[in-house]
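Consider the single chain below, provided in structure tokens and representing the form predicted on its own.
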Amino acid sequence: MTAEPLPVSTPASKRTEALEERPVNLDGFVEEWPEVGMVAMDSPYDPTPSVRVADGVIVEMDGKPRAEFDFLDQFIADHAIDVSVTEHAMALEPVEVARMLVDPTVTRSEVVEVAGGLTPAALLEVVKTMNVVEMMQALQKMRARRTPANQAHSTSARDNPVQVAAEAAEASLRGFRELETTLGVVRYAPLVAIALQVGALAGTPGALTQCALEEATELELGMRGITAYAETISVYGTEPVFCDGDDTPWSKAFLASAYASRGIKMRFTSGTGSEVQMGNAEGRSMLYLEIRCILVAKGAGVQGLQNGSISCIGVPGAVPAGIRAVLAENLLASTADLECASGNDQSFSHSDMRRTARLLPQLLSGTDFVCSGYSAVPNYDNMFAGSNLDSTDYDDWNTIQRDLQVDGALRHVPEEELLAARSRAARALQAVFAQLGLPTITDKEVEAATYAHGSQDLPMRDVLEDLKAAQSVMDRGITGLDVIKALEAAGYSDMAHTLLSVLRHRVSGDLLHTSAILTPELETLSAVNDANDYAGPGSGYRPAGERWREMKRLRHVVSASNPEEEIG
């Protein structure tokens, strides 16, 4: 006998009420809609892989003759695909290439060579045969640098340079090798960029800094030596979206060469979902379009790519298999032999469980930069619209590293060391501002920045005077050398010499190597002198020795010799 349906007005069960209250149900989810590109990695409108070469030129790619290429097709065909191996590589079945990726007995260099001959559609077919665990296994082998690292956001909702300096000091002390800032009021940029640079010097030496802005100002700050790298140079997977930004792959390549000419480390930015968000996905899957971006980056000759959906993570996060596609784009960037800053830098879920699930594929596999923007400030201060992780997650992150013996490149730091670094950063910035004739930083501000959790704990600054001073930095032609001289004159010789060493690395071109970072000893570590050598169990990078002892330390660990004592 068929049960009678319950009336529509029947109240929900207590179980349903409890589930409705769960944070995950505040997230947004949508059905796949291939026609507008709302599909992660398997659209019926994605092209079929193909290639044809005549006289050393690709004359057909993914079902399209050269006469019908858009400018992305042409750039990829002419600059990103290795014509000498493409016909051999394209003859392989996708699952064969996928097995090469996973098989630890097949070297990274062998995979890079084969992948260099694959078209965008062919690369898509390869990762479609792989599940998440297989992609993680492959990513462990394919990242360029042996040793994982991490990048932080150090920003302020009030664009407060004193806060940014203190946060930069703490972030570098905790282990971040790159620090990024951006602004609410763009005109604040010179002051905040100097603050980030000075603050980073007060923690662990060698952290590189950048200020994410519109491209002209960002490039000028880099050329002046006030920043050391850049990454917010966006590329897109369809021609209409590229044109919306008044750009082409060639103009982006030219900009990349401008950075390289001054020894400034630079990577492009892209990510699944950006074309959907900008309304021109041309019916293709998000991952197919992102693969085109990866190959544009490769063809332009930049050393790396920030990808992992980045600011568009809510788009793939809303469709089935979207987070799988995000992992796939990280894997393919690494397979293209690019440095990969793998995302985890944007808020996308109310659920702590989903936030962790989003993180673990990159954390467990290890990438060149596990986060391309872990918020070193509370998310209310994060001017990149919030991160997947913020300063309140430090202890959880360190515990996960310890639980799994997986290196996410961070460490627990005792309170007294943090306070000392934050205070020194604020006082050094106070001295630099005084030496450069910039607005006064008071002792009260220094004290507040030392103990603050966020901008709400700091006194307000005179914004008008700060903005006038920021413009004067540009008008007077202040450079990184002026910051060095100011630090030296104020008695911060060690910080001055560290910054001078960073600028020397730029002159030498050391920071242009793929996956380049500086160690605390101010030596370059990159895919050149720290190449990933993973070849299965017992090989590759594994936290051991002093690093493993460091990872074992947490805020609260009971002493084995005295149970009444904590060693944190």
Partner chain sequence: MAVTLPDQVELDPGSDYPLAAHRPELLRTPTGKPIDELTMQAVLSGDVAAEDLRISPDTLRLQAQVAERVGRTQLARNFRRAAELTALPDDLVLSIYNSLRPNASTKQQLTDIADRLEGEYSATLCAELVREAADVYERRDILA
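Residue numbers count along the first chain shown, from 1. All values reported here derive from a predicted model rather than from experimental measurement.
Beyond what is shown, the protein has a form predicted together with its partner chain; the following relates to that form.
Engineer: Counting non-hydrogen atoms within 4.5 angstroms of its partner chain in the predicted complex, say which of E214, E93, D403, D396 makes the cut.
Structural biologist: In short, E214.
Engineer: Using a 4.5 Å cut on heavy atoms, which of A376, V302, L139, A281 is close to its partner chain in the predicted complex?
Structural biologist: It is V302 that has a heavy atom within 4.5 Å of the partner.
Engineer: Which one, 366-374, 247-255, 344-352, 169-177, holds residues whose non-hydrogen atoms are within 4.5 Å of its partner chain in the predicted complex?
Structural biologist: After filtering at 4.5 Å, what remains is 247-255.
Engineer: Can you tell me if P205 lies within 4.5 angstroms of its partner chain in the predicted complex, counting non-hydrogen atoms only?
Structural biologist: P205 lies outside the contact set for its partner chain.
Engineer: Can any non-hydrogen atom of A535 be found within 4.5 angstroms of its partner chain in the predicted complex?
Structural biologist: Contact with its partner chain, no.
Engineer: Using the partner position in the predicted complex, report whether G509 sits within 4.5 Å of its partner chain, counting heavy atoms only.
Structural biologist: Yes, G509 is a contact residue.
Engineer: According to a 4.5 angstroms non-hydrogen atom cut-off, is V59 in contact with its partner chain in the predicted complex?
Structural biologist: No - in the predicted complex, heavy atoms of V59 and its partner chain never come within 4.5 Å of each other.
Engineer: At 4.5 angstroms, heavy atoms only, are N160, A420 and R461 all close to its partner chain in the predicted complex?
Structural biologist: No: no residue has a heavy atom within 4.5 Å of the partner.
Engineer: Go through 329-351 residue by residue and record those having a heavy atom within 4.5 Å of its partner chain in the predicted complex; state none if no residue qualifies.
Structural biologist: If the 4.5 Å heavy-atom criterion is applied to its partner chain in the predicted complex, 329-351 yields only D337.
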